[in-house]
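One protein chain, two forms: both are listed below as structure tokens, the first as structure 1 and the second as structure 2.
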Structure 1
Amino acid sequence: MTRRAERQLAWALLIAAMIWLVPANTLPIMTLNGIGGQSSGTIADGIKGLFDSGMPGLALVVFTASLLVPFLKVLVLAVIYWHTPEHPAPATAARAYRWVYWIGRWSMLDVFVVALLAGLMRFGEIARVNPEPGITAFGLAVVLTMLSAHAFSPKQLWKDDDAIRANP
């Protein structure tokens, strides 16, 4: 693949991820059905719930993995792609790219929370957790962002002539 085609693929995947992030954060990710009634919650509701039930540490972990990192990651990648080729600060960009690459997979956390609750809370009418469409959107956003980072190779940050000299 040419460098230009590589960048186009990375952009396309990133834009798709940005679009999926909207329903991921506005639609509920799961519903709890119980004797006390029914309650649906978005990702933000889940974080607030953890905080309200006296677990600020876990709330902070989920906030970072599910809310902060997905948006920050998309933003950081967009800024890196925007300045490529001939990035003005390739070493800094490479460090940011590597950080984003490593941290991005932890955003899958909420998908696994819903998966485990859907598997465990199956007590018919008495207590039941059902997934909601938000979780599909969220999973897609996380995977598309990871694939976008995959499609982009950090070699692009340096000028072409450098790369030619570097690959005799």
Structure 2
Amino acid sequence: MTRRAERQLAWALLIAAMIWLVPANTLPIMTLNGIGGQSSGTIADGIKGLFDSGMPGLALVVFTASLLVPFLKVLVLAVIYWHTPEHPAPATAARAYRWVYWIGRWSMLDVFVVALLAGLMRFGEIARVNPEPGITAFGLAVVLTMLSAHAFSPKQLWKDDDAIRANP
């Protein structure tokens, strides 16, 4: 695959991830059915609920892992892709790329938590957790971001040796 084709694939996957981040953050991620009734909410609703319940530390962790990191990953990759080829600071861009690539494996934590809760919380009318479309959209956004980072070769951050020889 040529460098241009790699960049185009990386951009296409990143744009798809950006699109899926919208429903991931606007649709409910899970519904809790219990004796007290039924409640469903988005990621932001969960963060607000944790903060209102007196758990600001946990709310900050969820905010960071569920909202801040996915948007930062997309932003970092977009900046790297935008300046490629001939990135003005290739070493810095390569470090940022490695961070996005490394953090990608931890981004599915929300999906695993909802899946675990849905599997464990099956107590009939007493308590039940059901996954909602928002968690599917979130999982797709995470996977597409990881695929985008994987499709991109950080070698593209530096000038091509042939181009340097042709234009010294």
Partner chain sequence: MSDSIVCHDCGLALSAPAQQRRGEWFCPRCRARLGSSHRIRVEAVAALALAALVLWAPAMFLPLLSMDQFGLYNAVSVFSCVTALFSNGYPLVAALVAVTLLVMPLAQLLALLVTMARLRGGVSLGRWVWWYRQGREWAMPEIFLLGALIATTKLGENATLHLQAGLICLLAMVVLRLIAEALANPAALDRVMERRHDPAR
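We call the rigid core the largest set of C-alpha positions that still match within 1.5 Å between the two forms. Residue positions are counted from 1 along structure 1's sequence. Bear in mind the structure is a predicted one, so any value in this text is a computation, not a measurement.
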Inset, instruction - Would you indicate whether the form predicted on its own is structure 1 or structure 2? - result: 2
Inset, instruction - Verify the C-alpha shift of Gly34 between the two structures: is it 2 Å or more after superposing the core? - result: no
Legend entry - Flag for Gly49, CA shift 2 Å or larger between the two structures after aligning core: yes
